[in-house]
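What follows is a pair of forms of the same protein chain, given separately as structure tokens and numbered structure 1 and structure 2.
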Structure 1
Amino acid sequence: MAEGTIHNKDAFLNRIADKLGRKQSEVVALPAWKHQPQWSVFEDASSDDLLAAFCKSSTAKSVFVKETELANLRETLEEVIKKHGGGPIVTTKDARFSEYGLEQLFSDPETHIWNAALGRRNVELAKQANIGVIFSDISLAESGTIVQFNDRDIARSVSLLPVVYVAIIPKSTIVPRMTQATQLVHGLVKSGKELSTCINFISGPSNSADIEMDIVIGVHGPVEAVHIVVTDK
């Protein structure tokens, strides 16, 4: 991809440096922060403690939560889909669906698996879908948040346009809080890995409190959310 452009940088930064009473800084080392309370949250929690906290936090954010073992995942997902109004369904193009034994379920002609080659047709189908099914890449116990690293296959639309999003949460993806997730991304940046165009932290259905501070669920994004936590294979 071609590099972008930068306009007016030197004059702008020189003015800042001048106001700060020095020349432009060429090297700045990040200090060792004196205060780091974030690392103490759930410091000694076991994976079961984190799972319990994740489920509790998800429920507090108006998310329906199901726990299941891998052997029952397909059945559980079918139940969830039925309970929340059935198809049409849209999913990301994700090898994990096959790894978790869900390929057969999505062979249904009513299900659209994201296919970048079809261009904007994908968006039309996602808009018409009742349910979008995705995997969580990192899951935050403290806030019941799922994290998605979106790209051309793990499309943003799947969690955004349908009425309901259903996220499959492998138990091993649950970490204490945002601290661990951002640490991981920081590590990716430091090692020179390319970042996804969108790293999306999602905590339940969209909501607003803009009218007399009355919280209304489902504004522009999904109206319902389901987290299916699955014991890893």
Structure 2
Amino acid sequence: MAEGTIHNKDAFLNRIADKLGRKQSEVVALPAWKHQPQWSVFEDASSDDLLAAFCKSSTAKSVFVKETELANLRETLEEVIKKHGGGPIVTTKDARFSEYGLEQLFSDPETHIWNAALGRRNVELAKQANIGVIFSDISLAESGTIVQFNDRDIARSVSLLPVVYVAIIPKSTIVPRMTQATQLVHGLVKSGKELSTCINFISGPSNSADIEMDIVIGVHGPVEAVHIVVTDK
């Protein structure tokens, strides 16, 4: 069977339509929505406005936020790693670490760079890591959420399993909200580009609350989260 091929679709849908006592619609079209409020959030916001909103939303979710320029990124990241207990560290295998001048920082034996050839060994090393370092692909101002397009080298375990995750946020990745993020994903599909097998939306450290609304942080994942926003990228 070819990938993506659907068999017996019409027979299946016709059977459902028969049970409902009507014929299957031959043409399905989106309605013309009178109101679309999802587009009006931060509609006229500048990139600086979005940056401010992203930082405020992140802080509200117990995320530590640092702002820096590319020239000071390595120094800032070193400070964050030291403040949060140092290694062991795990990172994704991402060309942006080299592009942002961080490759040398992760060349020591205490850092494991995700290597798909090692299979499950990567997961074991991520479990033992104190800090995981990743890049955000899209960042949502409204909720302080980061988005990760996962693949064999950009593994979700890097943000999920260590005690602390550190996300590097290029300012250019900040968009108003989920609406724009999903629009970008739809654009990838329409253009025929290969889509990630998993897209993660990460909003701060792991949280859980019981019926008394007592929030406990770190129950299912990282205890602490840090967003380092690179303001000139």
Partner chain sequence: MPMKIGEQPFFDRVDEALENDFMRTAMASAQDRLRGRKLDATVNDEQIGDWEEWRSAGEEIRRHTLENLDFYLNQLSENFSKRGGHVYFAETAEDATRYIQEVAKRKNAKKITKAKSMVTEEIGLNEALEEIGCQVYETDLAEYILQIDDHDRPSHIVVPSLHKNKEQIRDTFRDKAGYTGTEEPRELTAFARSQLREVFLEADIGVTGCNFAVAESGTISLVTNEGNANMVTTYPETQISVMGMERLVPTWKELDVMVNLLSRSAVGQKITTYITNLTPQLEENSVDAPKEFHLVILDAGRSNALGTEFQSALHCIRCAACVNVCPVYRQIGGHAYGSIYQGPIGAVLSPILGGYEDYGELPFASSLCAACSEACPVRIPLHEQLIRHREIYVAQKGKVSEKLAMKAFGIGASTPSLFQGAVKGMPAIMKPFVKNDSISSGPGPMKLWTSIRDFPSPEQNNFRSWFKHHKDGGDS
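Please note that residue numbering is based on structure 1, beginning with 1 at the start of its sequence. C-alpha atoms forming the largest set that superposes within 1.5 Å between two forms make up the rigid core. Since we're looking at a predicted model, the values are computed, not measured.
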Practice item. Please match the form predicted in complex with its partner chain to structure 1 or structure 2. Key: 1
Practice item. Compare the position of the CA of E43 between the two structures after a rigid core fit and state whether the shift reaches 2 Å. Key: no
Check your understanding: Any CA movement of 2 Å or more for E69 between the two structures, core superposed?
Key -> no
Check your understanding: Superposing on the rigid core, do we see a C-alpha displacement of 2 Å or more at K193 between the two structures?
Key -> yes
Study note, to complete from the structure: Core-superposed C-alpha displacement of Q24 between the two structures, in angstrom, equals 3.4
